[in-house]
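What follows is a single chain, given as structure tokens, in the form predicted alone.
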Amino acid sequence: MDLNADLGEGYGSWPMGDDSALLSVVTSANVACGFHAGDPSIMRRVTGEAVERGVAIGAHVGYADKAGFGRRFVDIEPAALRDEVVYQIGALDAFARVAGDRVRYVKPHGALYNTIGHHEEQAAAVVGAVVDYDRTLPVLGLPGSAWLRLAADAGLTVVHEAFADRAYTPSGTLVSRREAGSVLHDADEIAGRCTAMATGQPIQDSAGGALKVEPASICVHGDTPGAVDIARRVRSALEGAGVTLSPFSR
């Protein structure tokens, strides 16, 4: 099982999360590429630390929306979105190569991640950007999304992910952040759900039913309260259940 987290999401003097601590826990780092968050110096620092710790580097691409932290839909033309995603992958890849590695995969962020779950044109644009840049790059996303379907159709390697601290609907989609209970905060509950997902057991959905989620990677968010403690509890629980942790993209 792979354990990933969104990192490098500060900007200038404004920090976001504890990147260094999380890099000691996760196996893959989704690094912001300067559009929804991040800047060149942060990208250099995080990619350098990731290489030192043997953590795989992923391009965490998003809408150009720092004020909204990339969590607002942007009605951008597909051709422009395609170019912006190529730009972001290339920028992060430059710093990854300076650090002695390269970008190993691509994961969209926030509103872009949610939008391309169903928006065919934007999903096709992001797929096209990955194909343009490097069709050997795996792409990370939610099972059943238009993004992963179109990526598979284009011959890309698709990787299913689940979220450690998010509630799921009975259909397997994420409960909207606008709804109460959409984000989980109890470390023990989160660790238990992750262990269940990693070992093929069902978790409880938002309606109280049993939902089976079978990810190849589990995301622990870096910007929630107690994020580092939660990530450590999740890793400890997985290892305690006999789950081997390693990057999916090596």
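Computed from a prediction, not measured in an experiment: that's the story for all the values here. In case it trips you up, residue 1 is the first one in the sequence shown, and so on.
The form predicted together with another copy of the chain is left out here; the points below concern that form.
- The partner is absent here, but in the model of the complex a heavy atom of Gly34, alone among Gly34, Gly48, Pro215, Gly192, sits within 4.5 Å of another copy of the chain.
- Arg72 is the sole member of Arg135, Arg72, Arg177, His118 with a non-hydrogen atom within 4.5 Å of another copy of the chain in the model of the complex.
- Shown alone here, Asp19 lies farther than 4.5 Å from another copy of the chain in the model of the complex, counting heavy atoms only.
- In the model of the complex, another copy of the chain stays beyond 4.5 Å of every heavy atom belonging to Gly242.
- Another copy of the chain in the model of the complex is not approached by Ala124, whose heavy atoms all lie more than 4.5 angstroms from it.
- Put simply, Gly144 is far from another copy of the chain in the model of the complex: not one heavy atom of it is within 4.5 Å.
- Looking at 86 to 123, the residues that come within 4.5 Å of another copy of the chain in the model of the complex, counting any heavy atom, are Val86, Tyr87, Gly90, Ala91, Ala94, Phe95, Val98.
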